[in-house]
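This document opens with one chain alone, in structure tokens, the form predicted alone.
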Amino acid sequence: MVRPFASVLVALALCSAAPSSQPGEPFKPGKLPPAEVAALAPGLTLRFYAKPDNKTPLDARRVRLAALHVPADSPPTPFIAPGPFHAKLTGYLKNPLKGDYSFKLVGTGAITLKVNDKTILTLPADTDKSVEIELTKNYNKIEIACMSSAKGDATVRLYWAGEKFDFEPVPPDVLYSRHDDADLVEKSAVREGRNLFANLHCAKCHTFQGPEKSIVPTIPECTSHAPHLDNAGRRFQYDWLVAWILNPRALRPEATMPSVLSGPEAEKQAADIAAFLVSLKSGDALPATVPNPKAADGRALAKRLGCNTCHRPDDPQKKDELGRLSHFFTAAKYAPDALGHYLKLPHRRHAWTRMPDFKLSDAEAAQLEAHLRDQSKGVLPARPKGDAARGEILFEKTGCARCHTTRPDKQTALYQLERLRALNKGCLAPKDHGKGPDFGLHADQRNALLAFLKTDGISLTRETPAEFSLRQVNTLQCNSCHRRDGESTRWHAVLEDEGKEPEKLPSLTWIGEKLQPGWTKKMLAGEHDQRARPWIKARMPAFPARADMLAVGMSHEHGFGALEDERPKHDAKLAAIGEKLIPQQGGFNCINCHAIGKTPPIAPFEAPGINLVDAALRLRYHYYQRWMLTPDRVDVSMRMPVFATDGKMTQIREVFDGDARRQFDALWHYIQTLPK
């Protein structure tokens, strides 16, 4: 989907009009001028420099956390070549209460932490050390400067501790920085242009000319393909194809497919191309998934799956405050039974579709199709039949074949790519596109593309997983169902109007620190044999094409390498003690809510927990320890009891004299034996 973003020119004007401080005026912890507060947005600003004392950054972007991870021999950002780098994380820590807090750094290379312009910690000198300082209420300036090592991974993580909580990563809901700094606005425009270049598949027609040869993009979005059109005659309806080819955005305003036809012959040409596509019928007709499905059953299933968080039945030209996609013309689009087949295997012909794979049964797919056909009220006018032979020629001539293939066993053909020269004509023209495709770009998007096209394009051959995951969490609209960084979900907003509450789904705030990337990858690819939370009616969808890099990127966002998980060496004696802490008698009564293998929980009622076998495979040790100590700080909506109310001692004094950490560590050693 092509997403709007703040106007570059307006933002640059704001930058010059609202500096962060007056020249010579020292920062005063606590209060900020109203103009400064108005310019703040969640997260920190991450800048990269050629040298530590440089004032002009090579690149700048926003991050959620005070963390960074760059694997050895990898680019720290798509706009910087691999190798040693200098970086700064800057912004404010908005503290709820004045008090004493301890800080510690974890990382590699040379790292310095400043709070309110005072140096607090340096690495490697202060490795394994913490420093207690006083934070004022509200805004405290924070800066983390790091110089990566010449070899090896680069890692930075900032932790803090307070009177009522032990060391934890500084949470994203207390971190803020200005969104309108001139360098950040400039680099954000270039970054947005790069994303548009990739998502609009510009590389199918155009190339950058590098120093020696043309640049071949390798970033994931550039290597993805548009939907395959094989067997289109059995999948799509002719009148919809004509209307879609003529003007995709009339049927779906968010469409990234351009209008490629114009002039008095456009409708006739669209009819010819549509006639060619409906002539593509391979194999037998699509069988009905199940006979006589009921729309009412599909409607109930759609509610359980939360389909209305992303879709709505209204006319697509009617504005929706939640930005949901319309299925007004869905019935007009799909041939009978084709919709059910698509819902069952949405990635079969379009690996990068945003449509989730819910692992539907045949019956469920048929029920959803019946429901959608009942809800889809859009009617399209009948069109004169076109000429399939002319359409096949036009399919090639108009450039359709550059993005779409019509055979399941072939990729799109390779074409001679045109080097971009005139940046104000063709698809980038404000109005008259001539023979060029019309993507419906608004001024901000054209400015972003122009900013990117003025670069050397080498960034198209580089990717950083952390940036990929941030993009994809937004693209896949994970916030429809999952909370992240304290924000509510769209599902909650939809059900709020009905006086209902959605199911409590896991928060995504700490997922990169929490889960082993290998587990996350399988979950996102839909490869797990069983669900971690089978009691939840909603289903975690699969996005196989994105799974690997998305899992790694989430880990990098939190400053963790994909394989980083420092665990204590297994101790059989501790495991035996941990086993005794599982039952109710003399233990924490874990078996009341948690299953252990095939042994079900005793009485979970409204607070079931995941199978402890899964916990052994899913969790990082670091996350497990802080979850056990303060689950209410990790995720306030979860029903895990707090066993150590002071963060130090539990009520079970017979084991390790009540030492919570040692008891939880013994539990960990036992849980690690369960997968066997």
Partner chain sequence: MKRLIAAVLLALPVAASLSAAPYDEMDYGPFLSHTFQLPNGNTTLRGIAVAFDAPIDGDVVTPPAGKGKLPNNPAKCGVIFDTELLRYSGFWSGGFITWNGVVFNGSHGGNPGPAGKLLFATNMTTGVATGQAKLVDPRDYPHGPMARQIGRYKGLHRTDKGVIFSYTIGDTQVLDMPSVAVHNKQRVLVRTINLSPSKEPRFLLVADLPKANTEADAGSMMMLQNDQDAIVAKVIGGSAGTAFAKGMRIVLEVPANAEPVQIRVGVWGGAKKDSELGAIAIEKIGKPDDLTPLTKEAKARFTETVTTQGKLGDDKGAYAVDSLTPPFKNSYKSWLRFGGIDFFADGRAAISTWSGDVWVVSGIDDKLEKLTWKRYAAGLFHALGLKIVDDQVYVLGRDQITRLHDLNGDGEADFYECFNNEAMITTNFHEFTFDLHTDPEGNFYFIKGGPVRPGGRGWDKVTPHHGCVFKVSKDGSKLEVVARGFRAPNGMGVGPNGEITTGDNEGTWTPTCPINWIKPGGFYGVPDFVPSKEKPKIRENPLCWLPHNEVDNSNGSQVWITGKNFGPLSGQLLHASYGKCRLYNVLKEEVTGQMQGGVTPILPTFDSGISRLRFNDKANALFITGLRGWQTTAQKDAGFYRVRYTGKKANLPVDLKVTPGQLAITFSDPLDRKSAGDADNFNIEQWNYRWTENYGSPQIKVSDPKKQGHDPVEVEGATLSPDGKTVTLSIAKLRPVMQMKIQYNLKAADGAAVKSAIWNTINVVGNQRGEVHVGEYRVVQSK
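Because the structure is a prediction, the values reported are computed rather than measured. Positions refer to the first chain, counted from 1.
Same protein, other form: the form predicted in complex with the partner chain, not shown, and the subject of what follows.
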Using a 4.5 Å heavy atom cut-off, which of 60 to 68, 647 to 655, 34 to 42, 615 to 623 contacts the partner chain in the predicted bound form?
647 to 655
Is C593 one of the residues lying within 4.5 Å of the partner chain in the predicted bound form, judged by heavy atom distances?
yes
Is R483 close enough to the partner chain in the predicted bound form to count, meaning some heavy atom within 4.5 Å?
yes
Any non-hydrogen atom of P96 within 4.5 angstroms of the partner chain in the predicted bound form:
yes
Using a 4.5 Å heavy atom cut-off, state whether E496 contacts the partner chain in the predicted bound form.
yes
Of the residues D565, D571, D126, E579, which one places a heavy atom within 4.5 Å of the partner chain in the predicted bound form?
E579
In the predicted bound form, the residue from K114, H492, K281, R539 with a non-hydrogen atom within 4.5 Å of the partner chain is H492
Pull the contact list for 598 to 620: residues with a heavy atom within 4.5 Å of the partner chain in the predicted bound form, in sequence order.
T599, I602, A603, P604, F605, E606, A607
